[in-house]
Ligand code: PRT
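Next up is one chain by itself, shown in structure tokens, the form predicted on its own.
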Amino acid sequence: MVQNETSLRIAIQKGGRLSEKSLQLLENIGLEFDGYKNRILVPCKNHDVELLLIRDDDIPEYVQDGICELGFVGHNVTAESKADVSRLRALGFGRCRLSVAVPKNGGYHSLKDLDGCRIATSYPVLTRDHFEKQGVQVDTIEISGAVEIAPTLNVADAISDIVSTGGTLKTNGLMELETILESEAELIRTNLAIPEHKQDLIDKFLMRMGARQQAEKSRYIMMNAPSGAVQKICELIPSLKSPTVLPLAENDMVAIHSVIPTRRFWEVMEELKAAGASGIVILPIENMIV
């Protein structure tokens, strides 16, 4: 695989927990692809872009070496690789954490209790660094899969592994002892020089991603209210900008339109009703540029 001098090349995990959402994000910002499930290199139909579908562990190195200008990958993978790349933005999905986990009845209560122990992990670099910073000497045993079963098989005394919900740990009689790294999907960029036409595309896509991410965190809200309640309601609405107020045919009634953070709507809904708001409607937003 060599550097592509024409198309902007983006590396994406071929299969796994980040693949579908990464592809969905690209499609949501206007990129169109066909038949990517059965191909490694997939051209975009409406932009000078191509996708490279590879193993997630390979993405940071491919981006570092300029084989791909951009990559969608978990922060845990980038951090483990120590690749020379730049993080352009967190993507808000694929959240997880790299944690040290121990048998529930193993008598381990802190990292110092693991001094001299064996730690099974798929993340030996991050694990060793973390224990060394804490002044704890451990023997890391690199395992590519099913790390959580290592203590049961007496392969290791504890593990360092990716945790999402913690269900797998509980099933295997383990509990989290300490978090090494918080992670989510991120967009990374090569630090090598990029031709101007490719940089223009990157800037355009970053703007679109920002609009999409902002829209996903926001909702469009509409309501009716007496004219005398407008000031109070506007004070209650945690909007990005001043709400729009429109007169209604009914005397002394207005319509109030605004954009609010989704998480805040439920916090203020009852207060809005108490202030005189009625007919409250909340709608999703496809994209939003502020």
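Sequential numbering from 1, following the sequence displayed. All of these numbers come straight from a predicted model, not from anything done at the bench.
Although not depicted, the form predicted together with the ligand is the subject of the following passage.
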With the distance limit set at 4.5 angstroms and only heavy atoms considered, check whether L8, P60 and L192 all reach the ligand in the predicted complex.
no
Would you mind picking the one in Y108, F131, Y123, F205 that has a heavy atom within 4.5 Å of the ligand in the predicted complex?
Y123
Using a 4.5 Å cut on heavy atoms, which of T165, S86, N154, T179 is close to the ligand in the predicted complex?
T165
Given a 4.5 Å cut-off on heavy atoms, tell me which of 192-200, 157-165, 110-118, 209-217 is the interface stretch with the ligand in the predicted complex.
157-165
Please check if G279 has a heavy atom lying within 4.5 Å of any heavy atom of the ligand in the predicted complex.
no
Residue contact check: L18 to the ligand in the predicted complex, 4.5 Å heavy atom:
yes
R55: touches the ligand in the predicted complex, heavy atom cutoff 4.5 angstroms
yes
Is E80 a contact residue for the ligand in the predicted complex, using a 4.5 Å heavy atom cut-off?
no
Of the residues spanning 78-101, the ones with some heavy atom within 4.5 Å of the ligand in the predicted complex are G94, R95, C96
